[in-house]
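Only one chain is included here, represented as structure tokens and corresponding to the form predicted alone.
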Amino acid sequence: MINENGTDLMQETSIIKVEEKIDKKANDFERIMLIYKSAIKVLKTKFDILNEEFDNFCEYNPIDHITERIKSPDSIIEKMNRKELELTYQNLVEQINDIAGMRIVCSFKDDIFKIVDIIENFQDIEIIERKDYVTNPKPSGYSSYHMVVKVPVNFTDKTIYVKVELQIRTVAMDFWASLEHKLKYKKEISKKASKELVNAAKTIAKLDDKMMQIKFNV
């Protein structure tokens, strides 16, 4: 996408501080956010079609619900500072993979890998990174399947491939992750509390496995 000055916003290299440019009224920043919002719309359309197919032509729908989000300017700046990146649009686009995010919440653990298979078969989606925290949870207890994909977004002057982070998890995993985030948000918690969170995650993992056994026995 090109701005009024003829600059390609996805390839801009000028060294201009993001704090000076990233605000809700900055025209170029709004254009970049439009690109990411459009990528979310493309993916959402794909999953809306899948949901209708599952509901109408399949015996079972593995998707419980889907949420999406775009990082706020403050969150983007905070992450760039944490990664010690110079605050430029080029670094924003090239180095930050989760400006646009989608969470796909499934009913059962094996549904996660069904969704992964479906995404792998999307002909126009490029997978550039994946992390399987379902098979190998983080030390904190966090469990989810992460993918970073490139999504084609068609504009009047070109097609842009935009990065979107996907998180695929069960309802139980999502419950734990949501509460863990609220407990840890902008504050340190004790070692005892951290250990209890890990134990809770293990309990939830056992619950997921138990629910799968019940599913196969029904």
Ligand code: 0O2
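Note that residue numbering follows the sequence shown and begins at 1. Not measured: the values here are computed from a predicted model.
The protein also exists as the form predicted together with this ligand; that form is not presented, and the subsequent description refers to it.
Colleague: Given that this ligand is not shown alongside this chain, does His65 nevertheless sit within 4.5 Å of it in the model of the complex, heavy atom to heavy atom?
Modeller: No.
Colleague: With the partner left out here, check for me: in the model of the complex, does some heavy atom of Lys109 sit within 4.5 Å of this ligand?
Modeller: Answer no; every heavy atom of Lys109 is more than 4.5 Å from this ligand in the model of the complex.
Colleague: Would Asn61 sit within 4.5 Å of this ligand in the model of the complex, counting heavy atoms only?
Modeller: Judged by the heavy-atom cut-off of 4.5 Å, Asn61 is well away from this ligand in the model of the complex.
Colleague: Should Ser140 be classed as touching this ligand in the model of the complex when contacts are defined as heavy atoms within 4.5 Å?
Modeller: Although this ligand is absent here, Ser140 would touch it in the model of the complex, with heavy atoms inside 4.5 Å.
Colleague: Picking from 177-185, 154-162, 41-49, 28-36, which part of the chain touches this ligand in the model of the complex when contact means heavy atoms within 4.5 Å?
Modeller: Only one stretch qualifies here: 177-185.
Colleague: At 4.5 angstroms, heavy atoms only, are Lys114, Asp124 and Lys150 all close to this ligand in the model of the complex?
Modeller: Not a single residue of the candidate spot has a heavy atom within 4.5 Å of this ligand in the model of the complex.
Colleague: Is any part of 110-141 within 4.5 angstroms of this ligand in the model of the complex by a non-hydrogen atom, and which residues would that be?
Modeller: Counting only heavy atoms within 4.5 Å of this ligand in the model of the complex, the contacting residues of 110-141 are Glu129, Lys131, Tyr133, Lys138, Ser140.
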